[in-house]
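Take a look at this one chain, the form predicted on its own, written out in structure tokens.
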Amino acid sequence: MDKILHIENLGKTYVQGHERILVLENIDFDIKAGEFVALLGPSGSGKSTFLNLVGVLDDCYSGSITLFGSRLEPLSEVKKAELRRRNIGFVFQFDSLLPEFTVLENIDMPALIMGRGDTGAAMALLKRFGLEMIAHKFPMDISGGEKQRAAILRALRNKPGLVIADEPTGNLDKHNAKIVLDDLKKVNAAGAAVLMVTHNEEASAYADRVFHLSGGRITAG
């Protein structure tokens, strides 16, 4: 199985006034194509910081990150943005759907931004996950669980090799959380790797491998 993410000696420090705050330290980490990996850690442990680095949303760090065969450090901002758009789908704790667009239009938005919008392809995703009945509704007219499921489909629209999910069930009740996790498992079964950050031990049971982030370091198990 090929590595789609390879991290060596990753470190991240924030500067506040005269104080340096070490958030991540000496992290080595890999994800293989088609894996489902969970990263557990309490609030404030640096999970979101880690995801921002992996997701090419932050480029201030030490060490090296190689994503889909490209080492990030030498890349221009334009090349990084292109790598991110083509290869990574994001699912956050809050759905961030655009309220003025229908669910179908929201799902198609990532492809539209890249100049290849196709609502037929977006509808195919909705049908695949049994959600075609909400296609022409607006976000305000659907449930929280449906919004989060729509956000997952939006993340899939450009057929990414890696889906990054940051506390995807953190805003849901137990019933809807299970549906969303089942959806992520389907995403994984279809071939995309999933990196899910969570503080929920039950959610981590869906993963092939589980890691813990504490004290700025990642440990397995």
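Numbering starts at 1 and follows the sequence shown. Quick caveat: nothing in here was measured; it's all calculated off a predicted structure. The term rigid core refers to the maximal set of C-alpha atoms that superpose within 1.5 Å between the two forms.
There is also a form predicted in complex with a small molecule; it is not shown, and the following applies to it.
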Though only this chain appears here, would Pro168 touch the small molecule in the predicted complex if you measure heavy atom gaps against 4.5 Å? no
Is there a heavy atom of Asn9 no more than 4.5 Å from a heavy atom of the small molecule in the predicted complex? no
Might Asn176 be said to contact the small molecule in the predicted complex, defining contact as any heavy atom within 4.5 Å? no
With heavy atoms only and a cut-off of 4.5 Å, decide whether Asn188 touches the small molecule in the predicted complex. no
Have a look at 39-47, 155-163, 64-72, 168-176 and name the one stretch with heavy atoms inside 4.5 Å of the small molecule in the predicted complex. 39-47
Does the distance between the two CA positions of Glu201 reach 2 Å or more between the shown form and the other one, the core being superposed? no
Does Gln16 move its CA by 2 angstroms or more between the shown form and the other one when the core is aligned? yes
